[in-house]
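Only one chain is included here, represented as structure tokens and corresponding to the form predicted on its own.
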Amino acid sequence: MPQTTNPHQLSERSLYLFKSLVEHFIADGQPVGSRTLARDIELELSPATIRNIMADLEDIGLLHSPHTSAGRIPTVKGYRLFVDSLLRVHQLNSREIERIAEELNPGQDKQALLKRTSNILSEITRLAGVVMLPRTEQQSLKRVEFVSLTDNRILVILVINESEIQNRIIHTARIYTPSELQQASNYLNDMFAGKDLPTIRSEILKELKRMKENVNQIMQTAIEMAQQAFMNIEPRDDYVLAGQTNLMDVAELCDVERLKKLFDSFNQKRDILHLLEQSIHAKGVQIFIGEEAGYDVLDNCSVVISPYEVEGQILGVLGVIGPTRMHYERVIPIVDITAKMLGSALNSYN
């Protein structure tokens, strides 16, 4: 994450005004002008003085002035300063804590519990809730083997995770020798062993495009056989997502094209999953604001994530996806306490 602006570089008056502006914008979504701040803040400052301070804050990259308005809104750098240095996180009330605890009842089966966790995150925040499945439940390739059958048929043996074995028969254009099949399996094992199945499928498609410029017959054979072998596997979900339609009510995200790209990213899963995996060894809540996530589709979003664990072992992460204009002071403790309660509920399955 980028470094935040040092709050000590700004005067107390500038920080107070900046904090008030961010809170105004989060509350109503409208660019904030000097007259609004002059009317609402406790400092006895004229609109002209406030305009000068806002101009200084804009010069150092904390505020931005939309071309359609004379008011200002926070930049990603501004939100980062606000979240890291000025935010006062709210405590959840006992009723909200009891509701989360009741919903995360370990009496449900594990899959239902994970789905319910994403639902409760969405319901309480009115944003999108996401829960990465425990890593032990994700499908990754241990090895692949090929065995020649009759009539140009090949038996593909896939070893998934540590012990799950899946067999399938594929048809090829010609008969391959045991040596050729061994070379193909060696190549695929070197390339894909240990990777999750969605990643393998994505990389196979890339290799198929790249192979047009590559004359290595073994590589081409291996990838073509892998395409048949892997494309028809029914994938397990890597994460569960709930409440994405809540984002349609957010003004900053309601552009049809922007929403389509965001929902496509949810469906394809890879970008979101990679972001979740980046956070799996983090301590406590992590916040990615706009472009900090590293994916264009999330430039107008913030993602608040926390790992969940059982007996000291981190199994996955969960969080909330919403606009950068998010009520961070409320979302952060919801994500934090939900992660702790999910870990506690999962512990009962051990």
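All of these numbers come straight from a predicted model, not from anything done at the bench. Each residue number is its position in the shown sequence, starting from 1.
Only in words, not in the display: the form predicted together with the DNA, which the text now covers.
When contacts are judged by a 4.5 Å heavy atom cut-off, G33 counts as touching the DNA in the predicted complex. Although the partner is absent from this view, P74 stays clear of the DNA in the predicted complex, with no non-hydrogen atom inside 4.5 angstroms. Using a 4.5 Å cutoff between non-hydrogen atoms, M54 counts as a contact of the DNA in the predicted complex.
Remark: A38 does not count among the residues lining the DNA in the predicted complex, judged by a heavy atom distance of 4.5 Å or less. With the partner left out here, the DNA still marks one of 294-302, 314-322, 40-48, 278-286 in the predicted complex; by a 4.5 Å heavy atom cut-off that stretch is 40-48.
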